[in-house]
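In the form predicted alone, a lone chain appears below as structure tokens.
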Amino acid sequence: MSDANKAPIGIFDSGIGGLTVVKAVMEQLPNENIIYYGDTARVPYGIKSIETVREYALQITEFLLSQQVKCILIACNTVSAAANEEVRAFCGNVPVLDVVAAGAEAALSVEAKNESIGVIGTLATVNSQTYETAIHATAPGKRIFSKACPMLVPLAEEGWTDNEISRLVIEEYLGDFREKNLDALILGCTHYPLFTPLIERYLKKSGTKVIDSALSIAARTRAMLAEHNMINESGEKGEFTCFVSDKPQRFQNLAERFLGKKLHRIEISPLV
């Protein structure tokens, strides 16, 4: 195994939600070193122009490349929609994966009984129709039903992912979906995997497969690294390094909740 295999995986998001992707990668690739960048000083991206999102994404990409990462995962639906091509071009030979492509691919792999797929996400992601574009590029006949679920992000950050309040919010948002006989439901926001058990219980009778974009991109990462003989097989547990552009008081508590583990160091590295 070459030293290149030990190079870290770079993962970034506009804030903290991408840590669900970090957790999934840790579980599926426990020996891999990971560098995460959360742009906490400039979150949220969803209310900013496409040009601004692209600028921010390329700044973070340049930072991750300076850390000698062997691949980059875009753990942000807004960046996936607005700057995917630009990030790939900037990275050159460094592989880039994104949550939208991973989620769409996973949804299309589900047995198609009704040829229908649901997507939930932030207002920006739903309005961009990025999942519709990704799915219809391969399967133009699929029916796509999308819904913005903005309340789920603050609930996730409050830690209210499986209580009476979150249950009522899920019922309000997904009530229509239970009648549409969806083959799959894509969780199109990196906060939403925290609600997976609750959503699965709610949709159980409809037989809908819930697609966790964090698990999907982690699986694609494992397959890509194996294909290119880039998996770290040192046998040592991977190291995790977390960078943020600013350190809000609640970030560490939220990060530990998302990861389910203690973080001993978070480094601040402003990009401007």
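Worth saying up front: this structure is predicted, and the values here are computed from it rather than measured. The first residue of the sequence shown is number 1, and the count goes up from there.
One more form of this protein should be noted, the form predicted in complex with D-glutamic acid, which is absent from this view; the next part is about it.
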Query raised in the report: Where does D-glutamic acid sit in the model of the complex: which of 232-240, 201-209, 41-49, 219-227, heavy atoms within 4.5 Å?
Result: 41-49
Query raised in the report: in the model of the complex, does Thr122 have a heavy atom within 4.5 Å of D-glutamic acid?
Result: yes
Query - Cys76, heavy atom within 4.5 angstroms of D-glutamic acid in the model of the complex - result: yes
Query raised in the report: Does any heavy atom of Leu182 come within 4.5 Å of a heavy atom of D-glutamic acid in the model of the complex?
Result: no
Query raised in the report: How about Ala83: is it within 4.5 Å of D-glutamic acid in the model of the complex, going by heavy atoms?
Result: no
**Report entry** Cys189, Ala102, Leu152, Ile117 - the one with a heavy atom within 4.5 Å of D-glutamic acid in the model of the complex
**Finding:** Cys189
